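Same chain, two forms, each on its own as structure tokens: structure 1, then structure 2.
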Structure 1
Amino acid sequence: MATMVQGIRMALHYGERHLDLKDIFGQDAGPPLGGVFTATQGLKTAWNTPLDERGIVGTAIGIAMTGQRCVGEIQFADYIFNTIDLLKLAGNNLWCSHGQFPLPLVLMTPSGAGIHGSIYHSHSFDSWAVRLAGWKVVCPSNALDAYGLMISAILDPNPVLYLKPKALLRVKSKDKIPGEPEDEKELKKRIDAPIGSARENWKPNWPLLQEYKVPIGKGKIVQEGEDLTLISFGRSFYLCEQAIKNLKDVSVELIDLRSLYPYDWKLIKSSFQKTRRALIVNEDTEVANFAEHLAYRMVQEGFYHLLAPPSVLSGKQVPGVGLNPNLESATVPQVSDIQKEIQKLIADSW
């Protein structure tokens, strides 16, 4: 099965082949490297930019201003911060122009911890991102969703921030991407660039891919349950899956949010009203975390349904994620933290 990064790459290929996607660009996005995580390897329209994040975002806005579709990449979410006023502008362009200038652009960036990336390769951006009105924000947790969300993002007439959970980029999918060859070795041979001098004349041999969309704004119940709703996305979702695997005596309903904004409130609400307990997990720092908004809304709209206060597990409010594994695991939620919090919520119920 394809890895997540292969899924993203295939979606981008589908985009340039069928969806009039004209430009994919970023630092080292074009040949020979095709992206530091290889997400843009072998793509016809991928090109290298100067090492200038503001230029990348500005260029994406300028291309989209003409109505043409593009995908820009910021090499790591940690380096997106110096573009924040341009992100604000991209989000308000349609609103400020009273509906006259939509910006059909996608900005993708690897986000989050889990690869021992130290202070500047571990940061999350999701809670910052959802405050940028006018943007849509998505984050997949598996290769098939990564494929389907990218196709939806390319087709969306609004700016879409596509967060790639960097720790999951090499994780293999459980589900087949439509059109992907049966044998994963064959897929690798066809679309992964060889190392060394063989790369110079290499061209990918793309499989015949099909359109598959994961609608933006729609989450998914991945496992049904009765006692508690566990909500997450991206890498934290993956950890949630591990956390509940061997959990005895508690029946957990697991939701993969997939879209952070717009978010699937109907799904969340119907689930926590049934289970009457909720835990939301992500990696961004905890103060003014996006999950607090969801928890607040649960209290506002579901107070009398709840058996325990809705809980949020997120990154500690510290300036960075330290390199030593002891530091990293003390900073962003781990499998054992999720398990403990679930037990606590069950125990604390009235």
Structure 2
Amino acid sequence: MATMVQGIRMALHYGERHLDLKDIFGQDAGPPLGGVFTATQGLKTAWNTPLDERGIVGTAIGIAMTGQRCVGEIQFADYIFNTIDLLKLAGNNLWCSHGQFPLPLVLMTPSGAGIHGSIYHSHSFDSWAVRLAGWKVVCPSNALDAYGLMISAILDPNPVLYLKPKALLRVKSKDKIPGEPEDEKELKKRIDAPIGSARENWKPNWPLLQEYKVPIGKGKIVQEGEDLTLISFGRSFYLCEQAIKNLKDVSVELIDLRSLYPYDWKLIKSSFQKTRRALIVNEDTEVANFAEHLAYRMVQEGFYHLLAPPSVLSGKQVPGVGLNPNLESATVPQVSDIQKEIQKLIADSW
């Protein structure tokens, strides 16, 4: 099965070939590296920019304003903060023009902890992102969704922020991407560049990929349950899957949000009204966290359905994530933290 980064790369290739995607760019996005995580490796339209996040975002806006589809990459989400004013302007474009000037750009960036990247390569951008009115925001947890969300993002007339959970980029999918070869070794041979000097003349041999779209704004119930609704996305969703494997005597309904904005409120509401308890997990810092909005809305619209207050498990309110593994583990939610919070919530009541 493909890894997430292979899924993203194949979706971008599909976009080049079938969706009129003409520009993929960012720092080291073009040859020979193809991105720091190789998400743009071997792509025909990928090219390198200077180390200038504002230039990357500004270029993407300019290309999209002409009606051309493009994908820009910020090498790490930690370095996107100096572009906030430009992101705000990009979000205004379609709305201010009353729909006359679409902005079909995708801005993708690796986000979150899990690789011991310390304070400059571990930030989450989830909660900042959903405050950017006019943007759609997605974050996959597996290769198939990564493929389908990227294709939907390329086709969308709105700007889409595509958050790549960096700790999951090398994790293999449980499901095949349409058109992916049966043998994962064959896929690697065909689309992963060799290491060293052999890379100079290497060209990918792309499989015959098929269109597969994950609708932006649609979550997915990955596991049905009766006692508690567990909601997450990206790397935190992966940890939630691990956490509930060993829980006994608790029936957990697990939701992969996939799309942070617009989010699938219909799915969320029907689930917590059934289970009557809810826990939302992510890695962003705990003050003004995106999950707090979901918990608030649960109380506002479903108070009389709930047996206990909705709970939020998120990152600590500290300036960064420490390099030492113990510091990272203490800063963002871990499997054991999720298990403890589930057990606490099951025992709790109004």
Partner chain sequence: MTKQLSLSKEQLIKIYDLMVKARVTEERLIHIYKQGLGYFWIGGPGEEAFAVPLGLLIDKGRGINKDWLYLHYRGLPTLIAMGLSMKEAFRTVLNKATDQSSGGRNFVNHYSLPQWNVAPVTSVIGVQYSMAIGTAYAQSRTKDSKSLTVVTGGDAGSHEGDFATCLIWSSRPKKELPLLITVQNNQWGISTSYANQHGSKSIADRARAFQIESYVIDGNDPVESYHQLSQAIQNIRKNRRPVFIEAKVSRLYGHSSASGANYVKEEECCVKKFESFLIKEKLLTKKQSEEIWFNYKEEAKKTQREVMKEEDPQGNTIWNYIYDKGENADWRKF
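Numbers given to residues start at 1 and step along the sequence of structure 1. Residues that one form lacks are left out of the comparison. From a predicted model like this one, the values you see are computed outputs, not experimental measurements. Heads up, when I say rigid core I mean the largest set of C-alphas that superpose within 1.5 Å between the two forms.
**Student:** Between structure 1 and structure 2, which should be identified as the form predicted in complex with its partner chain?
**Tutor:** Only structure 1 fits here, because that chain is the form predicted in complex with its partner chain.
**Student:** At 2 Å or more of Cα shift, core superposed, where are the runs of at least three residues that differ between structure 1 and structure 2?
**Tutor:** Segment displaced between structure 1 and structure 2 after core fit: 95 to 100 only.
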